[in-house]
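Read on for two forms of one protein chain; each stands alone as structure tokens, with the labels structure 1 and structure 2.
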Structure 1
């Protein structure tokens, strides 16, 4: 039986669905969906929130499963639709209904292995982990309230905030909590406005010791929700309740939020999570392999850890997919299979990125023109952005040093290598440049 790469299978499914549906339907509900995992014979597909995932399941679920089965030739394949902050995986999930002793949203799920025991601590996440562990033991500590954890995509923010929830569920004191996504908070507020009944919204904050919310950056532009949340935030802190928030950037870089809200986010402990070091990545892989009960040699794990350097979720995804391939096909997880999977996984981003759009976004961010980036000038305001562009091409694409040099007006590979090393050094000593490069990367990955 032919075996399809699950990610490619979902992309083909989307292409067929686009042909069958009205363009507005496809754009609104399916276009931005992503394949994330395979759980047995179920492909796990992520949507921007639980409402969209539920709508797709009821409206298009049968059609999409039929397409998947026809394309793959496998009648046993099924689809599982999830929305943030649900985290799919081979482990079971726990649903916590509104109003339970450890209450959470009707649509919120905790992934069972997102615990402190399954979190690998390293220099890149040590402060955030210590803060999360501390607040899980001490309600409303003056020094750590709120706890604000920020970092890039897939680095472990959701893992830590869910670990706090798991700790509270398992302890004997029965402290209560609410764990939701910011998008669900906004949806609940909008429904309250439409129904002119704010009871459900207020219940989100009542009768709890901890308020845990993911992705606070999505409050951008939601002025009325911001106002309502501001007052609830003040009430919780005045009552000595613990607040934990996560974001993709530090408070002072959150756009579209009022200063009074940002200042409150900064009043406790602000802790960042950076991309993990090699040793941390290797330890994460070893934990994942153990959980999957896989036999994988150290040289294969070394290859994966060396190939995926910026995203813990990608590490997890690769191991889950390798385990699924091994179970479904009976093949051994060796270097050849790992290389194919890494090529497929990294290719998802590299196929979207070209030297042209990288230079375009870098030039825009540094307020110069793309032609200046590719030119011969060596003024600092042009040289540093050029080196940034070279560094990002090396990191985010499969281009060789020679290819990158050729794109930049025929420079040799040693010049490119020196530029990459130079940017590494500058980032260590220039936090502003480091933040700017992270912002450029966020724009590029969202293309």
Structure 2
């Protein structure tokens, strides 16, 4: 390669490293690294402190250098790992890339394949996709401000919000953006409070055309950050700046957020992403195998698309692992291998859906205690959640009616059956309850 963008090169290196390493390893050591500079033929990569930098050098240094050389085709490139002098100590988290809002360091947070080109559109995500595309083409189309995208875990929210950032970054009109996770916003705010200096916090919102913030549900309980954010939010919208937010639930279900903030969130376009339909899942699988340059027959893809229904991240996890296995062992990805992989990955999901987990999440959602839920009281506000829990156990676990009955203080199987029938009826006639049950299910599926 004659010419390369070193920041992009580091992004691609990270992507490859993520495929090779255990995800916990990648998340702990590499994920928050930042490309800083190029020094001759040496790329300087910054980590949150020198301990992390030293560890990465000794554990992964050789591997990362060989990836960089492979991707760039230049054998003279080397890597230098440095800590962040401003934030010593292992307890600090990623430092905030400030300076110009459109600076290269912002891009390090962007995953290079989270683009519109790599996003498969289907009925489940059509509205969110259309909204994202519209705001990235046209600033200040006030109807869509803010654009609020919500949906369960692993359904493409981060992908879409980053696609907007990629789009802005690539085009020539020089519109600037800030992309930030809500966690980082909260962290920055807390630091500002501690240091009694709000410059860094304010800079987050300054001089930008787009403010993109992922996972707004993490504002829960952060009252002071909410307050500060509320003011910045109003300022930005008054100035005609575009705001895009993502969340794991719709605005009115965000717990512990003040009403005025919620109504602001609702004032633009609220778009949900649902679990993808079969055709969309199949199309996503086809895209993933093409990226991995993997040969997989259609009936194997059909099998995977039929087995994993709820979560796109799981689909890509399966393909990454199959690709890794096939690269390591040289074997073909056939039905046999796919079945093994699916049963082990589904196994880990069903293991987490225990009656205990279901009970505590249902109890929490209906604001009663787990022991009330399992007990004998027949007041409606306790009886209905109990029946909900029973029907969810039936739906989401392999427990028999008898198993479920005995879990609920020794009730018999006909009680369980009646409860399930009752909930079916109620769901038809009570949209509020129907919605609530879906919400509980979303929570359960994502644990």
Ligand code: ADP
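Since the model is a prediction, treat every value here as computed from it, not as a measurement. Just so we're on the same page, rigid core means the largest C-alpha set that superposes within 1.5 Å between forms. Numbering follows the first chain given and starts at 1.
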Choose the one of the two that is the form predicted alone.
-> 1
Would the C-alpha of residue 373 be classed as shifted by 2 Å or more between structure 1 and structure 2 after rigid-core alignment?
-> yes
By the 2 angstroms cut-off, has the C-alpha of residue 127 moved between structure 1 and structure 2 once the rigid core is superposed?
-> no
Fitting the rigid core first, would the Cα of residue 364 be found 2 Å or more away between structure 1 and structure 2?
-> yes
Any chance you could measure the C-alpha shift of residue 435 between structure 1 and structure 2 with the core superposed, in Å?
-> 2.7
